[in-house]
Ligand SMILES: NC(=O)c1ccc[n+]([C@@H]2O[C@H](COP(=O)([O-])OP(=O)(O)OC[C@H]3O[C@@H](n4cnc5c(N)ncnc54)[C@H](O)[C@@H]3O)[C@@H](O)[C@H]2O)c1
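Next comes just one chain, in C-alpha cells: the form predicted alone.
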Amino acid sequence: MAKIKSELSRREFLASSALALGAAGFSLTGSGAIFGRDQTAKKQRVALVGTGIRGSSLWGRDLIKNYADVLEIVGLSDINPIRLDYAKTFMGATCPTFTDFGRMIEDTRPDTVIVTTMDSVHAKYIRLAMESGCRPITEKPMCTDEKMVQDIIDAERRTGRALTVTFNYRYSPDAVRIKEILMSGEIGKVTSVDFNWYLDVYHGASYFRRWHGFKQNSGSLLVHKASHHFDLMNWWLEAEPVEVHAYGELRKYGHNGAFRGERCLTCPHKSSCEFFWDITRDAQAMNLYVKAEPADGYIRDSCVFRNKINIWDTMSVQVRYHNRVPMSYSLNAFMPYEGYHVGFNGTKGRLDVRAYHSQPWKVDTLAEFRLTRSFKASQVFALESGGGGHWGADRVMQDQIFRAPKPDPLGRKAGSRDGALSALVGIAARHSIEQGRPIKIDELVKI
C-alpha cells in the first residue's frame, strides 16, 4: 500500500481509490446491499459455507426466519457431515448439503456465498466464490495474514466481484452514537485515542477452548477479536492505519495452568478447576460439536491450559494513523467483567465512553457517555440496552445487506478495503510482537 500523506483526509483517499478502481472496470456497488441488475425482482440464491454456531444461527436460521421473502438458501457446505445435517435441521432449511464446496457451487449456482468458516480459510472460500461468479459475504476477520489480504484484493480486482465484510459492531447503538458525536465536531479534531477492551473469564476463556487458541487458525485474538475493534476505530476516525507497535504475552491460560487435561468433559480436575465448563448443559454445542466429533475429531471444550496454545491473552498495541492520530489499545482476555472503555481527546474537548457487556454486571445500560467540552461542564448520559443480537445491530446490518439499500450517512457498509485495513492492524501487531519492532502497514500488502 502506498504511503498516505498526513494531510490527505480518508474521504479524499477513498474517493481517489474509487476513481482508480472505476477506471479499471471495478465495481464498488457490492460493498453494501446485494441487489444489482435484475436481482431486485427475484429472490437471491444464497449458499453458506461453515455451519458452526455463527453460521447456523445468524447466517442460517435468522436469514430463513427474517428474509425468506427476498432470499433462498440453496446450499449448505461444511467439512463435517454430521454437523452439516444437524445445522440443516436447526436452521429449518430444505436445501441440499455438501462436504465439497465446489460441488455445491456447481450444483446450486448461488448468487451469493456467505463464508463463516474457521478464519484461516476465509480467503480460500472468498476467492473461490468470486472466481465462480458469486458475490461473497464474509464474517470478520476477512482473513488472517497479509498474503491472504493480497489474494482477496487481487481476486476482487480480477473478477469484479465485490466483497462484503460483516462488521456488525458498526451498527450497535453505542458505536453509532460515538460516530455521530465525532462527526458533529463537538470535541473538535481528534488528536489521540485511548481504547481498552476487556474479555471476561467466561467469554475470554472460550477462545482458548476452541480452534481460536492457535495463531495458525485465528491469527491470534489480535486478528480474530480485535479486528472488530480496529475496524471501529478506523471507521470512527475516518483514518488509515500507517504503523503498528505491539506487545503480547500469555499470562493466564495455556502453560500457566497448575494442571491440565484433554477436555472439560473427561477432565479429572473438574471439581478444582475454575474454568471447568460443562458442555453437556449446552444442547446446541452438544449437537453441533460433541456428536460431530467422529467425523473430524474437533473438540469444542478443550482445556484452556493446553501447552500448545500459542496466542496471547494480554496485549497492548500502539497504532499511528495517516492523519497523525495515535491510538493506544489493549485487549485482556481474563477480566472479571466484559466491556470496553474508550476516550477521544480532541482540540475542543474529550469524549469518554464506558460499556459493560456481561456478568457479573447485571445492568440495563449499554453504555455510559461523558462529553466534556473545554471550559464547560461535562454532559453525562447513558444508552439503554436494546433487544436482538448485539443490541439490535445484527438485524440492522442484515437489513442493509439483504434489503433495498437505504441512505447510510454514517458509512457503515464495509467492503474489502475495510476488511483488509482492520485485519492488517492485527496482523502487523502480531508481527511486531514476534519481531520486536514497529511494523508499517505498507510493508505487508499493496492494496
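None of these values were measured; they are calculated from a predicted model. The numbering used is simple: start at 1 and walk along the sequence shown.
As for the form predicted in complex with this ligand, it is not shown, yet the points below apply to it.
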item	value
Three-residue site V49, M118 and V121 fully in contact with this ligand in the model of the complex at 4.5 Å by heavy atom	yes
Heavy atom within 4.5 Å of this ligand in the model of the complex - residue from D231, D313, E156, D78	D78
Contact residue in the model of the complex, from F305, Y125, W277, Y171 (heavy atom within 4.5 Å of this ligand)	Y125
Contact segment among 65-73, 50-58, 413-421, 374-382, judged by heavy atoms lying within 4.5 Å of this ligand in the model of the complex	50-58
Touches this ligand in the model of the complex: D301 (any heavy atom, 4.5 Å)	no
R45: touches this ligand in the model of the complex, heavy atom cutoff 4.5 angstroms	no
Contact test in the model of the complex: Y321 vs this ligand, heavy atoms, 4.5 Å	no
S220, heavy atom within 4.5 angstroms of this ligand in the model of the complex	no
Residues in 126-144 with any heavy atom within 4.5 Å of this ligand in the model of the complex	E139, K140, P141
